[in-house]
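Read the single chain below, which is given as structure tokens and is the form predicted alone.
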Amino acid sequence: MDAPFLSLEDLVAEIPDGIMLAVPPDYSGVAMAATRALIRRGVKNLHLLAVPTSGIQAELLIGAGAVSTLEAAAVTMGELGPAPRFTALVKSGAFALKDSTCPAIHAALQAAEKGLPFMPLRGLIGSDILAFRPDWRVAENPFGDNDPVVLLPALRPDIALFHAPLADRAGNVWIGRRRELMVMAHAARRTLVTVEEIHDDDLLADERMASGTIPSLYIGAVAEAPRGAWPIGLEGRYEADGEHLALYVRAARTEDGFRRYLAEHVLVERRAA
């Protein structure tokens, strides 16, 4: 069945409060237009899963009070320094933090992708993070002697949300080389995607495009949102808006500054620059 095409507002209306929402890192196609629409709608109590890190997307959702649990390897503004709202609010205990690592998040999603209850991972042995993750179990390798491994329960998000360059009329979505988006779509119960544009030809019928295309079987709904990743960039389309990101970091150093940013750039719908 083809994925339905929705308006941006109708797409985010499909994301209820209280779910596990998986979002990609800044280099993979972040649905920022949808994120701003979610905040305008007043979404609450999200378990936000960063696959495996996040930046301004997590910052806005955390600062707006939409996140009750964050699971991530890192939240950072990259070269602009620490993520100010994440830093302030995790210190105040405003949300629960499930600290993780990049390999652990990818492995747990792969378990869900394959329909497995857990995935073993060796590299966590000896790290302090195990003391803070009681849901991770250390077990003996049944095929070896004195060979412990960590068992990670499968991560199956309720919804995966990301932005991509293209979808065709059948709802197939082209992601190019961003394979983590493919894993997210396979692992999640439902996948919602915003795209730069709608492609008239069948993406799966094109030998050059098919390998980078998620079939509509895995896509719940699509919304067209030109420049929908702004102020983050989208590979091959536009660069990140460094000036705007720096403006955000300066504003969000204080709660009052963040609220002013939210009022000016999020709560009032604006066309991406």
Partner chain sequence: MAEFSHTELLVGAVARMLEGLRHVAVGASSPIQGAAALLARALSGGRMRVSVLGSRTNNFFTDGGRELFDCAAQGRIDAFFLGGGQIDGQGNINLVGIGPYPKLDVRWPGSFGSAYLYFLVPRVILFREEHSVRTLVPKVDFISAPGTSAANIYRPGGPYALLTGKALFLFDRALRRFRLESVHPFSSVEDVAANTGFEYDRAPDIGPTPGPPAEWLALLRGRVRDEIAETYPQFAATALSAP
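Positions refer to the first chain, counted from 1. None of the values given here were measured: they were computed from a predicted structure.
Just so it is clear, the following notes concern the form predicted in complex with its partner chain, a form of the same protein that is not shown.
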Heavy atom within 4.5 Å of its partner chain in the model of the complex - the one residue of Asp201, Glu197, Asp135, Asp128 that qualifies
Asp128
Single option in Glu224, Glu235, Asp241, Asp206 placed near its partner chain in the model of the complex, where near means a heavy atom within 4.5 Å:
Glu235
When its partner chain is placed as it is in the model of the complex, are Thr191, Arg253 and Val266 each within 4.5 Å of it, taking any non-hydrogen atom of the residue?
no
Hey, in the model of the complex, is Glu113 touching its partner chain, heavy atoms inside 4.5 Å?
yes
Would you classify Asp158 as touching its partner chain in the model of the complex, given a 4.5 Å non-hydrogen atom cut-off?
no
Distance check, Cys102 to its partner chain in the model of the complex, heavy atom within 4.5 Å:
yes
Do Pro153 and its partner chain come within 4.5 Å of each other in the model of the complex, heavy atoms counted?
no
Looking in the model of the complex, the residues of 137-157 with a heavy atom no more than 4.5 Å from its partner chain, listed in order, are Asn146, Asp147, Pro148
